[in-house]
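We begin with a single chain expressed as C-alpha cells, specifically the form predicted alone.
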C-alpha cells in the first residue's frame, strides 16, 4: 500500500514527497552518499550533480569531521581529504545552494554532533532548511540524546533520521520507530561503513521489526557495495544507501579528477538499473 501524506494532509518535505511518489509507482529509492569537499569543493559539486544524472533519488552529503567513529577507512580518508582542503560547514551549505539552482531532489546531510553543536543546533537547523536541506543523519547522537533537539528541528521542517542496527532490540526499536520520519536508516552490519562482499543476514529481521511498527520507508546502508547487493536488499526495504563504493571510486581517481563525474554517473546508473530491474 502506498504511503499516505502526513497527518496534516500536506507534503512539506521533499523526502516525504519523493517516497510518496516512488511508492505510487512501485519504485525503489536510491540514496547516494558522497563526502562534501572531496576531492575538492568544485569537483564535489560535479559529483553530486553526476549522481542525480545517474538516477539517484536522494543525496546524502557528508560533513567532514576529525573523528568519524561510524565510518570505515574509505570514508575516513575522504573526510581527511576534505578537511585538508579546509572544507567547512559553510562550504557544505554552498554545495546545497548550488544544487538547488537546478535540482529539487531531497538532500540529507550526514554530520557528527560536534560540528552542529559548535555551529549552534537551532541556528544550524534553520540555516540548513533555508538553503534546501531536508533531513539530518547524526551517527553519534543516539535516540535518547536526540529527543531534546527534535522539536527545534521539526519547527524548521527538518527531519532527524533515526537508525536501526542489528543490535537494536525490539522494545527499543518500537520507541525509536514511533518518532521516525522521512526514512529509517537500517544499518546492515555491526560495525563501520565499508565495501563488503556479502549482505548481512540481519537485514530481513530488522525489516520485519520496522514493518510491524511503522510505514516510514526503510533504507539499507553500511555495506551495499554492488548492484547485486542492492537488488538483494530491496526484497526487504524501500531502497538502499550507497556510499563507500562511490567514495572508493573517488579515491581511485584522484589523479584524474576530470574523469570522476562520468565514472560516478555510470556507477550510480548501475545501481539504478539494479533497483529498477
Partner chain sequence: MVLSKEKKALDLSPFPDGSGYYGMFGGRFVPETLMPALEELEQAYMHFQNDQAFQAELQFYLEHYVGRPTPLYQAARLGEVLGLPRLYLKREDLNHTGSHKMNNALGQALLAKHMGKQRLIAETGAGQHGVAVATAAALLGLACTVFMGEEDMSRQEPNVLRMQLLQAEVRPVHSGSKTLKDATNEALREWIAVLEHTHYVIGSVVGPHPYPRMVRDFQSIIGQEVSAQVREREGGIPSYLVACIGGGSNALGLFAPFVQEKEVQLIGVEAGGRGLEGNQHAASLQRGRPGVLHGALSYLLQDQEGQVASVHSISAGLDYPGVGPEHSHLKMSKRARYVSATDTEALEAFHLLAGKEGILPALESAHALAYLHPLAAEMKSAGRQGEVVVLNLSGRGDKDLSVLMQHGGVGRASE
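Computed from a prediction, not measured in an experiment: that's the story for all the values here. Residue numbers count along the first chain shown, from 1.
Separately, the form predicted together with the partner chain exists; it is not shown, and the next lines address it.
- Interface membership of residue 66, defined by any non-hydrogen atom within 4.5 Å of the partner chain in the predicted complex, is confirmed.
- Although the partner is absent from this view, residue 71 contacts the partner chain in the predicted complex, with a non-hydrogen atom inside 4.5 angstroms.
- At the 4.5 Å threshold, heavy atoms of residue 93 stay clear of the partner chain in the predicted complex, well away from it.
- Though the partner is left out of this view, residue 172 does reach within 4.5 Å of the partner chain in the predicted complex, counting heavy atoms only.
- You can rule out all but one of 161-169, 102-110, 202-210, 128-136: in the predicted complex, only 161-169 has residues with a heavy atom within 4.5 Å of the partner chain.
- Within 4.5 angstroms of the partner chain in the predicted complex, the stretch 106-120 places a non-hydrogen atom from each of 113, 114, 115, 117, 118, taken in sequence order.
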